[in-house]
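Let's start with one chain on its own, the form predicted alone, as structure tokens.
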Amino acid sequence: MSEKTDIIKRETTVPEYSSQIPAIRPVVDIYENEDELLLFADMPGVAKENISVTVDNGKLVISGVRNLHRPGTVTQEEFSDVKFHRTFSVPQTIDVAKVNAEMKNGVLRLHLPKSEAAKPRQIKIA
């Protein structure tokens, strides 16, 4: 067989669809300034209702599920259902009560404010 025939044969075989959703780690950028840690997590196609963010005992856990609606039989699938999951260690100085999150254009944005005790301050000399 020629190389071209082998490629066509591979392209036309349909992989068996599994009901198990693969889990992947979202790509994340983290920034820090005097007031907060700012985290951006790339989670394309995930609705904000399908995202979970928890901060507990020095651990930040973000997860979300992307469920696509399929209008027919799958013949080739490169963009599928997926579960995003990632865990981070965060300093105990984060003010958990003030953590907030927003989802826009497939990017989860987390604001993790530092507690007042953790912020740098200028000491006046008497």
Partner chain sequence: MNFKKLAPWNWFKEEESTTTLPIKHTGQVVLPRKPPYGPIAQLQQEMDQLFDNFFKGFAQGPVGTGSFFPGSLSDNLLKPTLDIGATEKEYTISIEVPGVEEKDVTLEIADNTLTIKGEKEQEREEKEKHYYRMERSYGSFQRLLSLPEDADQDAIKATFKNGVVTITMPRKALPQSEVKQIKIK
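Residue numbers count along the first chain shown, from 1. If you're wondering where the values come from, they're calculated on a predicted model, not measured in any experiment.
Heads up, the form predicted together with the partner chain isn't pictured, but that's what we're talking about next.
Shown without its partner, this chain lists A101, V61, V27, V96 as candidates; in the predicted complex, only V27 has a non-hydrogen atom within 4.5 angstroms of the partner chain. Contact annotation for S80: at least one heavy atom lies within 4.5 Å of the partner chain in the predicted complex. In the predicted complex, N105 approaches the partner chain with a heavy atom inside 4.5 Å. A residue is said to contact a partner when one of its heavy atoms sits within 4.5 Å of a partner heavy atom; D56 fails this definition for the partner chain in the predicted complex, lying far away. Of the heavy atoms in V90, none are within 4.5 Å of the partner chain in the predicted complex.
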